[in-house]
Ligand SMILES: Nc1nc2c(c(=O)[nH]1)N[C@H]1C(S)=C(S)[C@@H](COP(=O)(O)OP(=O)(O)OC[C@H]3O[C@@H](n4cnc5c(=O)[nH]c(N)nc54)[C@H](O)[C@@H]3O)O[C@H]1N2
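Shown below, as structure tokens, is a lone chain in the form predicted alone; questions about how it binds or moves come after it.
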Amino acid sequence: MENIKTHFRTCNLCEAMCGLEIKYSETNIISIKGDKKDMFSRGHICPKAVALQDLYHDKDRLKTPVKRTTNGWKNISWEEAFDEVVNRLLSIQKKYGNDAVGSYQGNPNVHNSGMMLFGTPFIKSLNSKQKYSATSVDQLPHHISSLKMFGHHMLIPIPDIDHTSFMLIIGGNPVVSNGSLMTAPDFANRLKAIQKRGGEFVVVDPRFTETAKIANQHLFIKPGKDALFLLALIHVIFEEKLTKKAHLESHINNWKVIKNLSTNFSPEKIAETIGIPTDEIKKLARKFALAKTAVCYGRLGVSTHEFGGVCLWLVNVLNIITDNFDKKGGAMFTLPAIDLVGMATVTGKTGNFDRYKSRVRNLPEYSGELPVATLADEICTEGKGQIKAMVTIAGNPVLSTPNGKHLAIALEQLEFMVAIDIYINETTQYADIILPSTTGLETSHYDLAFHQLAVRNTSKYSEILFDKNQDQKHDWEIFKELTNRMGGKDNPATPEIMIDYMLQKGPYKDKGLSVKKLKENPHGIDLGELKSCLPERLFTKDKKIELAPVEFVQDLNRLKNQLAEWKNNSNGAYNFSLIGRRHLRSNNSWMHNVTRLIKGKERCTLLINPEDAKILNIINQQNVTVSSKVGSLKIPIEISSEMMEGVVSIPHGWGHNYNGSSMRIAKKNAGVSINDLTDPNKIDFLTGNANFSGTKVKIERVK
């Protein structure tokens, strides 16, 4: 093949920011490999990146606007689409008020610089309080604990994994995710490096995960009990005088409050409830406190249950009281080239919480968004402020939010819906108009979100590989047009102009960073390891860490009451706890239209412990009915000793089998949606985050 060229870019399909080396000729991709010269990922790649070419060539992908009619979907012009969308939205707001138009932004938004830079002004132009996003599906506790403790909702501590000697991982599987809210490509080898330098890492999880399989130790824990476990660790550390204040001593408020709070949660009191022996809790607390450097990391499993907010607060507390915070080898803050946190010194925008409540269930607002667990309520419940129209942006909430079937019914009731998406899927099938943007290899990219969360400071810009055709529009072009027509503030810039400006005004301006310089360095530029930055980087009024925010301390009363219930009550027929899981070859609900990622043996199975299977008299691959108090589904079982007894698991993001979806996965290997079982009324009442971990279910043989 003649004229073979090489293109370097960052994969934006997950948080890892892996560098890619793409060989191509014209619009034919010859190979996609890991870029060994990439300053951050060092040649690492996962199967999802190879599928970028499949997304580019996918015949199901929309490229021009479509309109739903009684005779099916039909193509329409961009002008007709923009006219109808804006006219319908404005007329609905004129009739019912601004809050009659709701919006939902899915996970892909933060993986795309065009959406991040131009999506926000569009949402703002709607002038509605009915805003929702995937943030309240799985990560609100991280943001709210950072806001209350450090003064900024994006000032999220990152484990300095490359320098730590002891790592405690609770409710996370970074070998598969490559570090959610901790961007770290090639995570498995980074963990093994801890061991090679004489350190160790421990995994606490209801499942013996891929990460646990290479750990020094794994401890099973009952789902939803992580807050008790963290409090017991903190109790032991105070009780045995293993705390260290060191360099942050004069910059911490309410140290004694934490000591007093932990006295009620000794290992002896909670061991049986959480399923970890007292001695193991004490040993682990001592190991953590006495290690040369240590860091605790908690993710999805601790964020998505009824005490997610308390858990993420306590993860920070554990790191702080052992002097493993803002310190090499501990939990540290990034200083990225485009510093979204640092911009608050100019804008004053550090995040907000609980300024107002949702209309129906009185749930707290976070930075202008309401918890997605109440979205269906706001559509179905009549009265002032009822949602009559929806805008969904690169999201599939019917599959990814609690009780998806209920949300599907709600979306069907809307007077109007527009989706900005590249597929007709389980959510967008209810739209009246779909506006598709370019994607992947047709776009330029700078990772605005995940440089903020990376284990090392680097900077990299990806240029467009393949030009769009004349009928396509980039996402930022769609947003600009809609914003202008909705009466929003006009922005004459492009993403590249805005990124260039932020680079030149950022913390590394003395290095001459610019888009031009990054284009000259296609493997990225290394800006160094994470460094201590406190108290200067704090946004609290007194420049001190608030170790015991009032809201979190008060929520311990709810935990105490729940502990008593856990000890005294049984769940009757619903005697199994359901948790989710993730596969390396899937990414939430986005990638299931790519054949190379879904082929092979069925992966959407119910994992169950052999002893539990024996009691139920079920065998491998047998279909069972799994029921919760909100729904039921049928699924084949997979018997595995990696599951804790009494706990079962269904992977997140499957269930592409709703009528109306045009995606090929709907016809084969569709699987079932775990969110047909999750209850939107079961949330973390402190933060409003959805509660997925530990849904009570019963399992019955299919007769």
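Bear in mind that the values here come from a model prediction, so they are computed numbers and not experimental data. Throughout, we count residues from 1 along the sequence that is shown.
The same protein also exists as the form predicted in complex with this ligand; that form is not shown, yet it is the one meant from here on.
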How about residue 335: is it within 4.5 Å of this ligand in the predicted bound form, going by heavy atoms?
-> no
With a 4.5 Å heavy atom cut-off, would you call residue 172 a contact of this ligand in the predicted bound form?
-> yes
Would residue 395 count as touching this ligand in the predicted bound form under a 4.5 Å heavy atom rule?
-> yes
Is there a heavy atom of residue 168 lying 4.5 Å or less from a heavy atom of this ligand in the predicted bound form?
-> no
Considering this ligand in the predicted bound form, which of 629, 582, 523, 287 comes within 4.5 Å of it through any heavy atom?
-> 582
Only one of 137, 314, 418, 296 has a non-hydrogen atom within 4.5 angstroms of this ligand in the predicted bound form; which is it?
-> 137
Look at the stretches 525 to 533, 357 to 365, 108 to 116, 484 to 492 and give the one with heavy atoms within 4.5 Å of this ligand in the predicted bound form.
-> 108 to 116
Quick one: which residues from 414 to 448 get a non-hydrogen atom within 4.5 Å of this ligand in the predicted bound form?
-> 420, 421, 422, 423, 425, 437, 438, 439
